[in-house]
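What follows is a single chain, given as structure tokens, in the form predicted alone.
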């Protein structure tokens, strides 16, 4: 039986798992949940994940939620190409990069994304600008790390890149919205301030299977 992925368009966490599945060349059944219709709160889905959040991976009778956990599971079960490193040192660096993404870029980025996407708290300009400054500092750090490097860790794409990429794309999409213009987030154009990050984004966008992972409602 094929793997089954429950996901939502625009979820950066589901996007991570879709990238992992595509890069490993795995066949999977796609079940798109529509947040606007409350699909993620339906009884059938809550049996799979009582938290009512995507992504959820179903592999026969085994069900797993949380994007990083799913990525680790897939890499353990389908070893090629390896996404969590080929040495203890690489594995450590990849996990460190992923945890930094969770602790910093996700935390600060969320304070920019939510007001812009959902229109709540847009009047708290100072808080949003402080969060945007923290995002810029993180992107500067990442830009330095990508100087002279193709990928975040090692010589091939890894879970470090996959976990970061959708969050960067989501922050940039928020920054391009009309609601963000008065906030002066200073995140666009990406290539002007973060040229290495910009090149890295384009590199991932050129990967085989990428188009199948792109959020449908962003097109």
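Positions refer to the first chain, counted from 1. Because the structure is predicted, anything quoted here is derived from the model rather than measured.
Just so it is clear, the following notes concern the form predicted in complex with a further copy of the same chain, a form of the same protein that is not shown.
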Should residue 140 be counted as a contact of a further copy of the same chain in the predicted complex, where contact means heavy atoms within 4.5 Å? no
With a cut-off of 4.5 Å between heavy atoms, is residue 77 one of the residues that contacts a further copy of the same chain in the predicted complex? yes
Wondering, does residue 128 line up within 4.5 Å of a further copy of the same chain in the predicted complex on heavy atoms? no
Is residue 122 close enough to touch a further copy of the same chain in the predicted complex, meaning at least one heavy atom pair within 4.5 Å? no
Looking at 62-70, 162-170, 180-188, 32-40, which stretch has residues with any non-hydrogen atom within 4.5 Å of a further copy of the same chain in the predicted complex? 62-70
Which residues from 162-197 come close to a further copy of the same chain in the predicted complex, meaning a heavy atom within 4.5 Å? none
